[in-house]
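First, one chain by itself: the form predicted on its own, in structure tokens.
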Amino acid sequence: MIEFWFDFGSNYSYLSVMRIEALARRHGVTVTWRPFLLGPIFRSLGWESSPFLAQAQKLRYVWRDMARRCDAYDLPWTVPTTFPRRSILPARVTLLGAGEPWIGEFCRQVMQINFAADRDIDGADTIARVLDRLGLPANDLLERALSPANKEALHAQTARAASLGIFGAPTFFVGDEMFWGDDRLDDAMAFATRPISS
């Protein structure tokens, strides 16, 4: 089993969201989806937003790196005109559906709206359209997602991420072992399927 911690505003999380279910099926590994918000964690580390924005050279590199990686994975890619995008609503919906069979496709569609179509992902109309396409009760899910209880649940999930030592996304846990970054997804899969010595 792999715990998959991600943020919909994170460009490298996009790569992992798009790949993780197919990899997990290939390896016979279960994925536990753990949406959280990077913003509070960045602020606790002294950053007001993504650290990529603090250094123009790094940001240029990141966008070129994303283009190369998306090309390698055959994924669509558009440099976002707003980065990072506000992504609280899709995170709240994902928290509700984390154990449901539709959650992977929901996350992939939201990520593609952000990083392929370069559009807002935090509006209720946008998320309702995704839920409708999946044949899900959009109004009910949005109402539950926006409830005070679910709002607090996302705060608690983000606090748990911080308590685990998560400092960026995507992050994967296999038991107590932490793997950070899309480029460590394959390592996490390999670790999850390693033979257990007696």
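For clarity, every value in this text was computed on a predicted model and none was experimentally measured. Numbers follow the displayed sequence, beginning with 1.
As for the form predicted in complex with a further copy of the same chain, it is not shown, yet the points below apply to it.
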Would you check, heavy atoms only and a 4.5 Å threshold, whether H27 touches a further copy of the same chain in the predicted complex? no
Might P137 be said to contact a further copy of the same chain in the predicted complex, defining contact as any heavy atom within 4.5 Å? no
Applying a 4.5 Å heavy atom distance criterion, does F167 contact a further copy of the same chain in the predicted complex? yes
Could you tell me if E21 has a non-hydrogen atom within 4.5 Å of a further copy of the same chain in the predicted complex? no
Is it the case that R64, D183 and D187 all touch a further copy of the same chain in the predicted complex, with a non-hydrogen atom of each within 4.5 angstroms? yes
In terms of non-hydrogen atoms within 4.5 angstroms, which of the given stretches 64-72, 129-137, 27-35, 143-151 touches a further copy of the same chain in the predicted complex? 64-72
